[in-house]
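Given next, in structure tokens, is a single chain: the form predicted on its own.
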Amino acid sequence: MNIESNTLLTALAAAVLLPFVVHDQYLLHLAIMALFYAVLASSLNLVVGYVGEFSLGHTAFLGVGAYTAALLSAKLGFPMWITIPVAGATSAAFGYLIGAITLRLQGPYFVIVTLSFAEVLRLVANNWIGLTNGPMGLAGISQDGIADKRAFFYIVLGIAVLSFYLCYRFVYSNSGRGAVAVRENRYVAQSIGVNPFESAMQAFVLGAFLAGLAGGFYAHYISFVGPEVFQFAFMASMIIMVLIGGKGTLVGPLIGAVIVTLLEEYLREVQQLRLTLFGLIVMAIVLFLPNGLMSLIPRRNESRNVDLVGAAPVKEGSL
């Protein structure tokens, strides 16, 4: 077992023990939201960091997962342990459908079409009043009798660990290496037998599945889902987390999710200056650390395409 594995296991052990040390409900809520965003950022990173396509429609999968869990719970009475996996599967199905249409496009065309899909789903949620209750949203989503934030913390921690494991397996699979090869040079990758569409599709569907799981959890934790779950604010947060942490790495989005969640909360104390300070911090990190905070961590072997924490070389300015 090497130093990177020890660091990850130590971080996981600290996370497991966190609710026994921190009893403040507000701090536990921040930890829950940080893990929720960690899953979302990791799912987006599969497309942005490893495939190299800049998707702006990832909130579509978050929203589909959230509404799936909300409808199953509020209208049919299904328990959380069924609704969350079904939410992930439904989002994965949407991911396959949208990926089949969009992944043959590249560059700005891919960005525009993915953004359009998210906007279409937001309009559907806003206007299909008979199913979604329109702008009023769906309330009264069951929490299955859970009244303690510690239980929600361990649920989202389990989802985050599963998310990291699935991302790890993908990155070190032939498809993951193929996606990195396509990102670096599509034509060279094709010349050695890599199918760009298949590699990108697997990353896209896995990313959609993880975003759907996060959406299902969010619906039960908040007990409410409205059309705003499709809005660009979630998308902007995910992008910033991936960029700050380090796109094209496994650990970077996790670090970015924790830092951005804490920054957004604690900068509220400066009120009107909050957005200005937050923007300056983000700009400083992007300007001076274009590969994110992960570039500060010494790597054992720079020549490897994918190291243990999944840090693959990323071309500066490729995003």
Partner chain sequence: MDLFLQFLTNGLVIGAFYALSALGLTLIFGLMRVVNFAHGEIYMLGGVTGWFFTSYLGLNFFVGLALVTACIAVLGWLVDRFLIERVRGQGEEPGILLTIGLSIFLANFTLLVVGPAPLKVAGAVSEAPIFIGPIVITKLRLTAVLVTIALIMAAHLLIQKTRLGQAMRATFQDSMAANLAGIRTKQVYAATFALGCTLAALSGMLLASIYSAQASIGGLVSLKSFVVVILGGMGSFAGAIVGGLLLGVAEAMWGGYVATGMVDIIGFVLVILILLFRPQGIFASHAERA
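Everything numeric here is computed off the predicted structure, so don't read it as measured data. We call the rigid core the largest set of C-alpha positions that still match within 1.5 Å between the two forms. Numbering follows the first chain given and starts at 1.
Note that the form predicted in complex with its partner chain isn't included here; everything after this is about it.
Within 4.5 Å of some heavy atom of its partner chain in the model of the complex lies at least one heavy atom of residue 101. Though the partner is left out of this view, residue 108 does reach within 4.5 Å of its partner chain in the model of the complex, counting heavy atoms only. Among residues of the shown chain, residue 250 is not one whose heavy atoms approach its partner chain to within 4.5 Å in the model of the complex. Contact annotation: residue 243 falls within 4.5 Å of its partner chain in the model of the complex, judged by heavy atom distances. A heavy atom within 4.5 Å of its partner chain in the model of the complex is found for one listed residue only; from 115, 155, 222, 86, this is 115. Taking 262, 289, 282, 27 one by one, only a single residue has any non-hydrogen atom within 4.5 Å of its partner chain in the model of the complex, and it is 282. Using a 4.5 Å cut-off to its partner chain in the model of the complex, not one of 15, 165 and 209 places a heavy atom inside that distance. Annotated contact segment (heavy atom within 4.5 Å of its partner chain in the model of the complex): 230-238, selected among 230-238, 155-163, 71-79, 86-94. The partner is not shown here, but in the model of the complex the stretch 117-153 reaches within 4.5 angstroms of its partner chain through a heavy atom at 117, 119, 120, 123, 124, 127. In a rigid-core overlay of the protein, residue 278 has its C-alpha displaced by at least 2 Å between the shown form and the other one. With the core held fixed, residue 289 shows a CA shift of 2 Å or greater between the shown form and the other one.
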